[in-house]
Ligand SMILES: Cc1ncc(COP(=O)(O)O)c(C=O)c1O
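One chain comes next, on its own, written as structure tokens: the form predicted alone.
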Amino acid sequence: MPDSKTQTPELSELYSRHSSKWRRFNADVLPMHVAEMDFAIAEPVRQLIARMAHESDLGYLGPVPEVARAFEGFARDRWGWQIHKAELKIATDVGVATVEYLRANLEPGARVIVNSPVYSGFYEWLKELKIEPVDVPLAHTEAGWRLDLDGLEQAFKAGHLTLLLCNPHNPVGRAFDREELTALAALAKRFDATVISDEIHAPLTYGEFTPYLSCGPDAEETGVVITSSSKSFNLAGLKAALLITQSPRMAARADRCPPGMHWRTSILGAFAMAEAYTNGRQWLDTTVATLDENRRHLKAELERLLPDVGFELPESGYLAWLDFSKVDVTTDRIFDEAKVALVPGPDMGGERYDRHARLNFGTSKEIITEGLERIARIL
């Protein structure tokens, strides 16, 4: 079956794709920046999209209970998390769900906590809302990346009572464990704070993933989970996402979001999401196994070609956080001279990350090696 083997088109075929990743730059640039995978999508999803198009079934999105049923089964089977189906809302994408939730629930002048280095979209969403981010950077310890719970407590004490959490974390790839998340939930409950947990990369976790809302009553009373099949099943262009709560208190806050969040979602996206969570699991397992190989291949190739570049194996996803502090190169030089596009570190938290960059390894091993060899040649 096609989904039992990860299929990556040749580079020449990838350059013919229509997404931003392959159209933003000239064809001499190797794009390793945008968070989308180069793999062929799951066969059941492909068939569903083709069938709906063939049947001219492309109208506006109406009631779609299939999505809640599909995600309920997926979350239960994969993570042991029983969602409240009645509290699941559909949105156009994770960014729209986050922006609309914040717009509906924050007072003018409120600030939102983030944990840098973090997905640049967080800063863009807050800018759209004219909200200032409060940075409580991740702690980088001998054991790896961790939430700075003391720093978060101080931010809550200062009156900043909304945390935009990235779990698993983009770009460092950390999947926060139950102990950390339970401690965070206790803090949020004590200060009457809200945790908006962006869990879009969760299905691509190599080991155990812990949903925030599965961490007990404190998490249920303080949390909103926003997620989608877009990253994990490579369906970003189909525009569909989920907003999930698990208590009357948080459901009432979610109900303040505009109904248009649902109606502006793509009918293809919603039904493809249900199909992915239901029948795309073999493809997902194959993809996670391939990404596991890729992250180890990336580590080995960095040690061979760029031994002074810092890198830690991510626990989830297909994004690598590279530390160029010991190398005389910048992302501008990498782009201009090596013709490799990476996400510059400052996009993910300011100038403190000016010697860092994010690289996408959701592609073939050959393309990973090609990108690193291009960078090595300019040093």
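In case it trips you up, residue 1 is the first one in the sequence shown, and so on. This is a predicted model, so every value here is computed, not measured.
Missing here is the form predicted in complex with the ligand; even so, the following discussion is about that form.
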_What I'd like checked is whether Ala35, Asn170 and Lys231 together line the ligand in the predicted complex, meaning each has a non-hydrogen atom within 4.5 Å of it._
yes
_Exactly one residue in His160, Lys239, Arg174, Lys89 has a non-hydrogen atom within 4.5 Å of the ligand in the predicted complex; which is it?_
Lys239
*Only one of Val94, Ala185, Val114, Ala75 has a non-hydrogen atom within 4.5 angstroms of the ligand in the predicted complex; which is it?*
Val94
*Ile200 within 4.5 Å of the ligand in the predicted complex, heavy atoms*: yes
*Is Tyr119 close to the ligand in the predicted complex, meaning a heavy atom pair under 4.5 Å apart or at it?*
yes
_in the predicted complex, is there a heavy atom of the ligand that lies within 4.5 Å of any heavy atom of Phe209, even though the partner is absent here?_
no
*Tell me, yes or no, whether Tyr101 is in contact with the ligand in the predicted complex, where a contact means a heavy atom of each within 4.5 Å.*
no
*Where does the ligand sit in the predicted complex: which of 300-308, 283-291, 245-253, 231-239, heavy atoms within 4.5 Å?*
231-239
*Select from 303-338 the residues with a non-hydrogen atom within 4.5 Å of the ligand in the predicted complex and write them out in sequence order.*
none
